[in-house]
Structures are given as C-alpha cells and as structure tokens.
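The form predicted on its own is given below as one chain in structure tokens.
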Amino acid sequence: MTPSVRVAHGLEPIEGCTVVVPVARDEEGLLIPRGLPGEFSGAVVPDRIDSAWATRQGFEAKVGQTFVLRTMGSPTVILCGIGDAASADAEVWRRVGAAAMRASSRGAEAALLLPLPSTIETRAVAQAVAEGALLASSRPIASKTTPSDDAPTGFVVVPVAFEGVSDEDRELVDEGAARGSTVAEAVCWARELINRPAAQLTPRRFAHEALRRLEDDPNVTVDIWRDTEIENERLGGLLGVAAGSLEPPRLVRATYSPPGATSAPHVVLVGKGITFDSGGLSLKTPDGMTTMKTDMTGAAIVLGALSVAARLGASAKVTAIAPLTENLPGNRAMRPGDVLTARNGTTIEVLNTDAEGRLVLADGLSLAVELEPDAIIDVATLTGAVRIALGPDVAAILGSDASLVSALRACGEAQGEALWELPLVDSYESHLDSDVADVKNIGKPGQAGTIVAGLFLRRFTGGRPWAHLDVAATGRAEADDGYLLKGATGFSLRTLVAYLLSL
C-alpha cells in the first residue's frame, strides 16, 4: 500500500507525527538550516548541533544518515543528513525523503521541515522528497498471511522560511509534491506487477492490468491484440516464443496524443514482456529461474512511463508497445534450429531458446518503425552479460543516435538512474551470421553478449533514432537501500518520464 503525501500550509500541529530536521555539513561542522521553527507539533526543534557531540554519537550528516532524538512527553525528532549543502541535488533530496520515511514511527505521519530557499529549485526539491518518501515505503502486495506494516501512514512536506513562506513558494511546493507523487505511484505500480508471481500475472492478466491502468488516463487509447490478431499481424517472433505455453500471448499498444499538438514529436517505447522465462527447451538452471517472474520488467516500465506522461500532460506524443508471453518448454515449443519470421520479414535462426527477449522485441521494434516516430526506445531485462560488465547499479544503453543517447543519460543522471553507453561495434555483426537465415539469435559464447544483443535489435529499427536500455542487472535489488526496496526497482521509468517531459 502506498502512503499519502501532502503539503502543510502553515505550522499547525500534526498530531502524533515524527518531525524530521535536515542537517547539512561544511568544513566548520554541522549546520541546521535557518528559518526552522523553534517548536513544531509539540516537539522542540534544535537550531544548532554541537559537532563534537554529534561525532561521538556517530552522526556525521552524510546523505540519508539519520539520528533519532527522543524527548520525554513530546514527538520524536529525527536529524537527517543532506551532506554538503552546496552539492545537494535532486537525488540527495530524494534520498532524504526516503530516509525520513524509513526512520519515522509507524502508524504516524513523517513531517519533513523543508527549508526554503533550498539547494535546488523549489518545485524540484518538493518533487524529489515526495518521490523518495513514496518509493521507500510502498511495499508490494504480498502473499504472507501476516504482512508487516512498519511504514508511517503518510508523508507531510512542511515548507519553512526565515522570512516566511510566500504564496508563490507554497504553490511551487504543491506542484512539485503532486508531480513527485504521480511519478512515484507509477513506479510503485510497475514494481508491484514485476514482483507478482507469474501464475498471478499471465500475459492475459498483464494486458488486463494495463487496460485498467490506462483506460481512464487523459488522451490515451489502448489496443490489445489477441491470438488471432497477433497471427494476422505476422508477429513471428512473439508467436514462436509463445508456442511452448498454454497461456496465449498478448500485445498491448497504447498511445497518448496531446490535444492540439499536431506537430509534436512522437516517441515509441517498446518493452520486453516475458511474464515467465524458463528458457524454453534451452532450460535454465533452477537457480536461474527463481527471479524470472521479473522478465516482463520492460513492459511494465514503458506502460508506466506512458501513463505518467499522460497524467502530467507531456507535450510529446507517446506510444508504448508491450509484447507479452511466457517462454516455456511445452510440447509445441520452438526448438533450437527453428527459423522464425519477424514482422518486418527478417528470418531468424533460433539457436538458443533462452535468448527469447530479442525475438519478441524484433516484432515490437518493427511495429514501432511503421509508425515513423522521431525516436524509438526499448527497455528490456535482456542479457546476463550486462551484470558482468556494469554490476547491479548501472544499466547499459546502446543506440544509433548520439543525441538521443546523450539526452537519456542526462535524464538518468538527474534521476539517480545511471546509464553507461556501450558501443555498437559493427565488426561484431558477423557474430550473428547464420547459414540458413538472415540472422541468428545468439552471438559467440562469452563474447560481448550485451553489445551483440544490441546489434541484433538494431536490425529491426529501420534506421530510426533508437536507444536500447538493458536493465537486467538494475531492475532488481537484493536488499532495501535508500528508496529502493528488495525486489523490483522500476529502474528507468523515472528516466523515461523525465525525457518525455523534456521534449
């Protein structure tokens, strides 16, 4: 369940809240921002911190570090570090919002005293703390019979200023917190789908959840292709992967068209939607299968990003394409050596049925090209090789258009979602040469797996500006950390939203 976020318009007491006080540091020690009230909701708010005392307590005001002050008979006060105030960007405040929620008392609201002017623009700081707070506290729907409820009931942004908060600043804080709530709620929606057991999120169920999410979004239309339509539309890659499962495939195509913007740029997002990946006849190991309910991450990301673009009134036209299927070793499953024909007519020799994501993306990208967009971006948990190359905190980005890649990397940096560009090495194209088809679906074992997968996808982009995000390593967290919770992270959704809103 996602807690609520609200903005306090004044210093009226909030019953039972936990009061969170930001603390900065510089070369002279720890600093409480100017303008904070001496008392809030019955709690005494400190106006200075003795650095030597704080050091003895182990509190150094590092970003997101918290220290609990308990005063008998009054609400708890929590000190929350923001590090060097001169370098406190949106990601810092996002982590502050997360830390405030993590440290606050359950069953009560967390009230963050937000000093204005802040280290960044007022609307941006309000958005950042709201995002961090919600992302850190929204637990997925679980199957435990005794689920834990250890999060505060809500998050309150309390703007304060030395000379009083102006009406303009209050309006900006309201706008920022509302935008942050919208973005974070979409990430939480995507996380919940990704974390859901595969038996509860079949391709048909996923398509239904997408329709429920998008049908009331402004200026959005949704089409769901079923078995017959997928066959009639010649989506050979999707049909080939789906052949081994009794669950029929689906394809969701949603479009957001901003009103009156006939010349708006058009971006198509394509997301890999394998609701469970056993590897097919090229069966994974038992350990390798344990997290494969998350192999539909890309589809959840692109549909969530389109939803936010619609709700926030983006100027760009956005289409999201999500091919959905299971990859199972049924008696009709595709076999190593089979040849599939993708939507654009390219024939593909399947030598490893566990390299299935690129097969459904081949169809999705082909459909994207037919829309003649200004840019195509695909998101996929595509290769295990990306974890070896970049580890769990950085996703790979590859693309045919330098400006598109650069823009996405800049948006990712601002959102705390690091993207590292890998090259599309043309000489590696030969790794995909097939004796019997136009291309094979795997390269040489142990050699540039992520790059070769990108080269495979490039063949289906029709020369359009295109970028590919491989989030196989970053899409899942092994433990709670800041505003990330163990399980699905929703990585790249906020980056895509930032990019779409920038157009």
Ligand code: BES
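Don't overthink the numbering: it's just position in the shown sequence, from 1. Worth saying up front: this structure is predicted, and the values here are computed from it rather than measured.
We do not show the form predicted together with the named molecule, though everything after this point is about it.
K.L.:
Which residue, Ala477, Ile442, Val63, Val44, has a heavy atom that falls within 4.5 Å of the named molecule in the predicted complex?
P.N.:
Partner contact (heavy atom, 4.5 Å) among the options: Ile442.
K.L.:
Just one of His266, His431, Lys284, Arg409 has a heavy atom within 4.5 angstroms of the named molecule in the predicted complex, so which one?
P.N.:
The residue in contact is Lys284.
K.L.:
So in the predicted complex, are Arg205, Ile224 and Thr275 all sitting within 4.5 Å of the named molecule, heavy atoms only?
P.N.:
Contact check failed for every one of Arg205, Ile224 and Thr275.
K.L.:
The named molecule isn't shown here, but in the predicted complex, which of 164 to 172, 392 to 400, 328 to 336, 292 to 300 has heavy atoms within 4.5 Å of it?
P.N.:
Only one stretch passes the 4.5 Å heavy-atom test: 292 to 300.
K.L.:
Look up in the predicted complex whether Gly313 has a non-hydrogen atom within 4.5 angstroms of the named molecule, and give yes or no.
P.N.:
Gly313: no contact with the named molecule in the predicted complex.
K.L.:
Would Val379 count as touching the named molecule in the predicted complex under a 4.5 Å heavy atom rule?
P.N.:
Flag for Val379 set to no.
K.L.:
Any chance Asp354 has a heavy atom within 4.5 Å of the named molecule in the predicted complex?
P.N.:
Asp354: contacts the named molecule in the predicted complex.
K.L.:
Taking any heavy atom pair closer than or equal to 4.5 Å as contact, tell me whether Arg358 reaches the named molecule in the predicted complex.
P.N.:
Heavy-atom contact with the named molecule at 4.5 Å: present for Arg358.
K.L.:
Though the partner is not shown here, which residues of 464 to 487 have a heavy atom within 4.5 Å of the named molecule in the predicted complex?
P.N.:
Heavy-atom contacts within 4.5 Å come from Ala472 alone.
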